[in-house]
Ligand SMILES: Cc1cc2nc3c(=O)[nH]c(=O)nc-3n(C[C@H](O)[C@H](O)[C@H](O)COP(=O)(O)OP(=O)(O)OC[C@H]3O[C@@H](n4cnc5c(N)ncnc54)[C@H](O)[C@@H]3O)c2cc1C
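In structure tokens, one chain follows: the form predicted alone.
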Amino acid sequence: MPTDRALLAPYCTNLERPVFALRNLPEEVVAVLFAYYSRSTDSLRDNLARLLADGDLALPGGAPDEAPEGLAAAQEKARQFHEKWVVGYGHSSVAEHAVVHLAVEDVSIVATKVIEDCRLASFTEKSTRYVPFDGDSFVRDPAVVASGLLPVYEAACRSALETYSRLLPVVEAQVVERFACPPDWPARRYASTVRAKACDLLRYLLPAATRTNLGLTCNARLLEHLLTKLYSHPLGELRELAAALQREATAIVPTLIKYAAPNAYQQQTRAAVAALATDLPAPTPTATASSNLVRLVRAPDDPVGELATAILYEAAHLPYGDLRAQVAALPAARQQAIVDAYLADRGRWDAPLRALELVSYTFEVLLDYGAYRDIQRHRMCTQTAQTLTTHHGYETPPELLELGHGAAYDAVMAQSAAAWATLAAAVGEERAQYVLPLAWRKRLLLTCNLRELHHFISLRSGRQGHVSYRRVAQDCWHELHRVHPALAAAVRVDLAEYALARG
């Protein structure tokens, strides 16, 4: 046992208690140790001690939390295990215990939206609110480079970014003139709020090709799926990114992602759907007035009855059909009382409980790409998005017009629209979208269960939110209230307007 303790000390946060954390171990070794729970009667510490002892490891001098470096034998055993069970027999859940942290820098906003479509990963992206963007920092799509249209592409992107950079200090100064510092605010808070206000107004100018940074954390199983999706994507930037991600992640989980590769089904199905859509009518241009549109396109017929049934199900010990019939026979007021009781004691920071997940709604949203950039992060929703084009016009923040920048703003949009048309005809709409600033609109189907809708509306309608996605969240609440006011009444929504929303 003393030998085991010496071996284990650098890898376990304690050696006595039944709950402990692992540290200083390769991720694939961690995955194997957890997998042994399903195949071994021994404790994790015993299995770890056996792996380490087989490697004839010696604890180096120094503090007990310093990890030995000679883990080659343990890693080789992990590799053999994964080759047999994960790769050979398809027990992919084992790979979920190996976690990878990746820094993804200098990628386009377009690329981050594809990466962030992964539901079970965690992301942190460079903010358009707090961080100014560089005037010449944008991705060149490989197909555009090969097409000979790079000058058109670069001119549109540079025009947008240079206008953004030129106007940023001007708009900051104008915001200061319009909004005096509240007497109880520290100077730093006021300066930060002014900068955020200016960035919020000008982010509409940032082209989708703008370079940004992203932090990505995910398990190896999900990472393999992500790599496959990126390798199978029509955009060259994403295929190149897949190779870079796999190269770097291989240093952490060499066995578990080694077979990620382009997927013929994904590639062929995307092409087939595009071909099926060619016979559809051309889109009707949408007016360019600033008015996000949210429309409820699918809602349950009896959401209160369904929700009351879901609430009672856990305690009822009845088949669902029998319980549903029992609830349906109750007076409407009694059904609503069940729902109200379920939500009555919820505190400010308490999420609604899971019964609300059995009731779902689908909204069609016409929104600017900047708002989509934020809303797309709600991955508990099922999102089906159309490609960014010029078909639906662009948003114009009224305050920019009031500040006298409408002509410069519209000039950027006109140049980007012309560039998009040229590029779309030559290399397709998928690649042409890079030149469009975040002001341009796209359509999105957003399907949310009622629990997620509580979270989405309360978070995105909050004072700290950008006005564009605040309006989307508020309109979702109005649509819910239109059809089911009793359920909407329980959703926390901020319908107010704020001059300095970030304060």
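Sequential numbering from 1, following the sequence displayed. Computed from a prediction, not measured in an experiment: that's the story for all the values here.
Separately, the form predicted together with the named molecule exists; it is not shown, and the next lines address it.
**Asked** Of 42 to 50, 29 to 37, 463 to 471, 435 to 443, which is the one stretch near the named molecule in the model of the complex, taking non-hydrogen atoms within 4.5 angstroms as near?
**Response** Contact criterion met by 463 to 471 only.
**Message:** Counting any non-hydrogen atom inside 4.5 Å, which residue from L358, A155, M380, V176 sits next to the named molecule in the model of the complex?
**Reply:** Among L358, A155, M380, V176, a heavy atom within 4.5 Å of the named molecule in the model of the complex occurs only for M380.
**Prompt:** Out of H233, R129, R324, H405, which one falls within 4.5 Å of the named molecule in the model of the complex, going by heavy atoms?
**Reply:** Partner contact (heavy atom, 4.5 Å) among the options: R129.
**Prompt:** Would F123 sit within 4.5 Å of the named molecule in the model of the complex, counting heavy atoms only?
**Reply:** Result yes; F123 sits at the interface with the named molecule in the model of the complex.
**Asked** Would E452 count as touching the named molecule in the model of the complex under a 4.5 Å heavy atom rule?
**Response** The answer is yes: E452 has a heavy atom within 4.5 Å of the named molecule.
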